[in-house]
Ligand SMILES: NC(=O)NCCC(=O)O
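One chain is shown next in structure tokens, namely the form predicted on its own.
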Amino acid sequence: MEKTQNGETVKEEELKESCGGGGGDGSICGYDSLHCLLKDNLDPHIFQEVNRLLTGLNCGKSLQPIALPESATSLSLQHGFDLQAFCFNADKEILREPRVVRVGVIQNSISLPTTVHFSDQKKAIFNKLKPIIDAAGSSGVNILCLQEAWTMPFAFCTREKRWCEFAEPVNGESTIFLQSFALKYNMVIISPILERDINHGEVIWNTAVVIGNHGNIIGKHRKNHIPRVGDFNESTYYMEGNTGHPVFETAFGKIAINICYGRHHPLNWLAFGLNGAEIVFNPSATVGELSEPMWPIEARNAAIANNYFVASINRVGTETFPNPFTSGDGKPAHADFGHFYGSSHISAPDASCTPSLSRNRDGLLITDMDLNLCRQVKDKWGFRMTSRYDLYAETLTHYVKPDFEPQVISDPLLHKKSL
């Protein structure tokens, strides 16, 4: 049997062979994403049904792409980044007008080897991001989010302290760089950086800076949960954040940032929802071997359970460091910790989601969201009204005490010997 792959006909056996373990370039069998692979290799009517199961329906219909201006598409072609755009609708209401917000997320690889001078590495990333941000701005994006620690390689696996030199204050170089774009395009920008807290003994945090559409700094949020999993032992550099679960009220809606590892903690998602978030951004850096099966599930589940939109961003590429490091898991020393698989996507509270961006290329994903959908889903499912926060609070209050005992009722005959 023959299939098509990137427009060329190949035998099914050859396709299987080329897919063994995934493409060495970070692709999936030569395709940018699972969505592209399925679309090119399934009959259209079969793909339509598979796509319905994978990405859901928005207001009873498949998610529709939206046209972007030529200025954005030409930048995409010129600089080789993936560019996709979709629209989430809500039902028409009688008393409220639609509240449509255009959101953009950017995923990217680093630009220069990690052995190059730090200032040159940062400058090269700024130069790489400029045309992608321009594409977002010229497309009318209202809120833009960059990936976790976007100004630097994700060096926290190495546990070498010299990478702390990339840390900067909230009003530092990267914020100044982005403020000009915020002003130019009337755009809120979320900038996740390695923060150096000058006022508190130069403590370092993993922080998202929220830049307003007037170029002002609205505020910041520090990463709540720090991973200690294999190479991701990031407490060498920073500890758990101290900013709680803030929701930032912007000109375009109420937003929050759940940084990277926080997506594995359901109560973290819940707290942002309780504070009124309508869109929660999850800027991340995660590799295929560790987390890829979780990636399409956790954020989408959070969107459903908490009745808000979730924007998931992951960097791309394999970053190699000058000195090998170990994970304490028996594996030999290595100079990289795997492929960052991109696959950024956006999930809606009605269980629909966009296809993912490329697994191995820089990308910009743009979506129109009618925020009225958040309340419509709340009214439909009643999660807020049927939840038992009083019971949960009581359990948690007891759980954090030293003398906590689990509420377990044992069968009195459990250890009785049978005759």
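Numbering starts at 1 and follows the sequence shown. Everything quoted here is computed from the prediction, not taken from an experiment.
From this point on, the text means the form predicted in complex with the ligand, which you will not see here.
In the predicted complex, the ligand sits within 4.5 Å of a heavy atom belonging to residue 286. Among residues of the shown chain, residue 291 is one whose heavy atoms approach the ligand to within 4.5 Å in the predicted complex. In the predicted complex, no heavy atom of residue 339 sits within 4.5 Å of the ligand.
Among residues of the shown chain, residue 154 is one whose heavy atoms approach the ligand to within 4.5 Å in the predicted complex.
Proximity to the ligand in the predicted complex, defined as a heavy atom within 4.5 Å, singles out one entry of 122, 300, 245, 263, which is 263.
For the candidate set 82, 234, 319, 278, a heavy atom within 4.5 Å of the ligand in the predicted complex is found for exactly one residue, namely 234.
Note on the interface: of 302-310, 222-230, 180-188, 324-332, the segment with non-hydrogen atoms within 4.5 angstroms of the ligand in the predicted complex is 222-230. Residues of 129-149 placing a heavy atom within 4.5 Å of the ligand in the predicted complex: 148 alone.
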